[in-house]
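The chain that follows stands alone, in the form predicted on its own, written as structure tokens.
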């Protein structure tokens, strides 16, 4: 197998008469970050709990790197790091002490334990807090230590269940930065969320679920393209200075592959364009050459929101 993978094969989960998952089939392969979107109660946490064997599916299979987690749990989960319903850390412990306990439970060799703990704490940027009591930490700091705990086994598959829930804005930003850094280590990250801006900021692909059913799984750009009436892509440009409407209408609107240009405010424009990644690259180069004060260029968050609301509405 060329890279890490997870696969749901006709997964269903019933709680009495309630159907939490309904024949969910989803295969994700390779090193990337996939956002798992859906409203509360859609089945996101149920799916992740099945993949970690915390609960059993009523029907179907959950495969990690081709191994059924219910048939060979130890082998399937040996390459997995997970953070499901964030655990609380004993406030009287330091991160070193808490991670040492986890290392022993997981059977990490004693000779490797000290260095491994220091390495994972460094990866979540908590080195200076390694020997401080956790009881004094903010929620965001505790969550970073929880992520460090999941990293102890050096996983190539990472399962995260709404990792920024309950955090203040600073804590959310810190955890998002950590998740972004995880992407650089040849890992498959499957992250549930109901925060569209979070998925937009972190993820490469999106899987949307509602009422236990998969609505769509595709690249972020292809998913956001669904919101465009002309079937194209939408990007937003942030500017360091105001741009006049004449420049928008005459210069930017005339660029190759551009169909519509909007100016939501004087320092922001939204561009609809056709084609794939090559056209997006050319558009970026053309805009840079115009020297209009561009400071950011990213897929439109509103496009993802529009697509999400349309797909969720269609299932009601």
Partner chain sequence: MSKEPGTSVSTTGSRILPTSVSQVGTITKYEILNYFRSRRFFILLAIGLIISGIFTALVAYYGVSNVAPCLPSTCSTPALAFYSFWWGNSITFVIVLSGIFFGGDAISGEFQNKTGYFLVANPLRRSSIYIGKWLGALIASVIVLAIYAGITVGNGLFYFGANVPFQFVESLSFSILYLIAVLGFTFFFSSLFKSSSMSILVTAILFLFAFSLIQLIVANLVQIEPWFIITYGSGIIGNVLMDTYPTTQPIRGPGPGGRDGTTYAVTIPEGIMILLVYFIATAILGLVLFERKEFT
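Heads up, when I say rigid core I mean the largest set of C-alphas that superpose within 1.5 Å between the two forms. Quantities reported herein were computed from a predicted structural model and do not represent experimental measurements. Numbering follows the first chain given and starts at 1.
The same protein has a further form, the form predicted together with its partner chain, not shown here; the description that follows concerns it.
Chemist: Looking at 270-278, 252-260, 22-30, 65-73, which one sits within 4.5 Å of its partner chain in the model of the complex if you count heavy atoms only?
Modeler: Of the options given, it is 65-73.
Chemist: Residue-level contact is defined here as any heavy atom of the residue lying within 4.5 Å of its partner chain in the model of the complex; does residue 78 satisfy this criterion?
Modeler: Flag for residue 78 set to yes.
Chemist: Taking heavy atoms only, is residue 128 within 4.5 angstroms of its partner chain in the model of the complex?
Modeler: No, no contact at 4.5 Å.
Chemist: Quick check on residue 154: any heavy atom within 4.5 Å of its partner chain in the model of the complex?
Modeler: Taking the distances in the model of the complex, the answer for residue 154 is yes, it comes within 4.5 Å of its partner chain.
Chemist: Does any part of residue 218 reach within 4.5 Å of its partner chain in the model of the complex? Heavy atoms only, please.
Modeler: No, residue 218 is distant from the partner.
Chemist: What is the one choice in 184, 92, 240, 245 with a heavy atom within 4.5 Å of its partner chain in the model of the complex?
Modeler: Among 184, 92, 240, 245, a heavy atom within 4.5 Å of its partner chain in the model of the complex occurs only for 92.
Chemist: Ok, 178, 167, 98, 121: which has a heavy atom sitting within 4.5 Å of its partner chain in the model of the complex?
Modeler: None of the others qualify; the residue that does is 98.
Chemist: Within 4.5 Å of its partner chain in the model of the complex, which residues of 43-75 have a heavy atom? Give them in sequence order, or say none.
Modeler: Result: 49, 52, 53, 54, 55, 56, 65, 73, 74.
Chemist: For residue 214, does the CA position differ by 2 Å or more between this form and the one not shown when the superposition is done on the rigid core?
Modeler: Comparing the forms between this form and the one not shown, which are aligned on their rigid core, residue 214 does not shift its C-alpha by 2 Å or more.
Chemist: Relative to the superposed rigid core, does the CA atom of residue 187 travel 2 Å or more between this form and the one not shown?
Modeler: No.
Chemist: Using a rigid core superposition, assess whether residue 94 undergoes a CA shift of 2 Å or more between this form and the one not shown.
Modeler: Residue 94 C-alpha, core-superposed: shift of 2 Å or more.
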